[in-house]
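First, one chain by itself: the form predicted alone, in structure tokens.
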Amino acid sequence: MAAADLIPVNIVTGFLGSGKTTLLRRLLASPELANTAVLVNELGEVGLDHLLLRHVDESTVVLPSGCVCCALRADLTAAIRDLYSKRERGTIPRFDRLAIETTGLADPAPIIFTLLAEPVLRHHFRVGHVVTTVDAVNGARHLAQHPESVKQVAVADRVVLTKTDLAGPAQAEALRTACRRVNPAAPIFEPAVDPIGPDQLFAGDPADPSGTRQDARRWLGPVAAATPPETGVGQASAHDRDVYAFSVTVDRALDWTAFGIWLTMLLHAHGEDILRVKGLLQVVGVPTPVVIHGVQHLVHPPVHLDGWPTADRGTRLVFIVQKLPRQVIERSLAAFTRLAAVGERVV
């Protein structure tokens, strides 16, 4: 089955009190998410009890919008399998998207690992965007004091700043700067300033043909301005000084097999410190670009775009790392490209 035909899974994460539930509740009211299933830690945390239409069982309810809301009280794999089984049996509406709301202290990476590694799940589901909420009033303190908060921002595809109407302009701007320092590739949304909808947060993941090229253009743009911790500006916290982004370009087409071996070896050696990697690759013998997307040791299935997002057709890799010097990756990639070039001349 093609990746675009799999059920997308969007992960909504964020530190305690950052507004995940409020955001999710607003999104579920949108007609675009009528066929969505939601996994949350406890139904009561979602604040949807007054909206319940009917119970399917003790842990699953169907909302008036058509969304299915299910309490996550057991193993994630078992919960998703059970939800899919109910979908196929017709005991719940046939959802075409799954949203998972994490706990405030959660690391999203294990959820992504479950979806990519579990054989049954990866046959039916794909990982969509990770959406991270950050509280404008307390977010700077969370980033400074809690590495979990930094990790949630680092792995995000979309960052939502909440409560900016309660924070002063200077406070909100400082938090925007802190978030961009950690993850300059993720667009930042502020619902208190501009209303946002599901299409802005959930659409355009690597396997979604509706917006992949536009999304690639977006995350390829701002990373060149990112600065490593030793030259960072502003009052960075102890945690976000350790996390920074940078991009690497390659001016030649890559051999796909050799590149896969290099990336696998790199993530095996440094996966704990490579929080995110995104790449737009020029591959030998392939006329259009290939998108790769990884979180720590995990790499999503590659996606072929139908065209280049910009006039530049070179390979561009974007890394968000933790403490790992960028020179380690640059030297490794340079050695790989030299060896690949030698191999081509020998052949």
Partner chain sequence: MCGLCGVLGTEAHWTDAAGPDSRSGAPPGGRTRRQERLHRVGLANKVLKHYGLTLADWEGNCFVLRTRTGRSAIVQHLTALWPVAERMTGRRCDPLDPQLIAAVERE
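Numbering follows the first chain given and starts at 1. The structure displayed is predicted, hence computed values, not measured ones.
Below, we turn to the form predicted in complex with the partner chain, even though it does not appear here.
Within 4.5 Å of the partner chain in the model of the complex, a heavy atom is found for none of 12, 177 and 188. At least one heavy atom of residue 299 is located within 4.5 Å of the partner chain in the model of the complex.
Within this chain, residue 141 is remote from the site of the partner chain in the model of the complex, having no heavy atom within 4.5 Å. At the 4.5 Å threshold, heavy atoms of residue 105 stay clear of the partner chain in the model of the complex, well away from it.
Mapping the unseen interface onto this chain, residue 290 counts among the residues with a heavy atom inside 4.5 Å of the partner chain in the model of the complex.
Residue in contact with the partner chain in the model of the complex (any heavy atom within 4.5 Å), chosen from 266, 76, 253, 196: 266. Residues 283, 284, 285, 286, 290, 299, 300 of 274-300 are found to place at least one heavy atom within 4.5 Å of the partner chain in the model of the complex.
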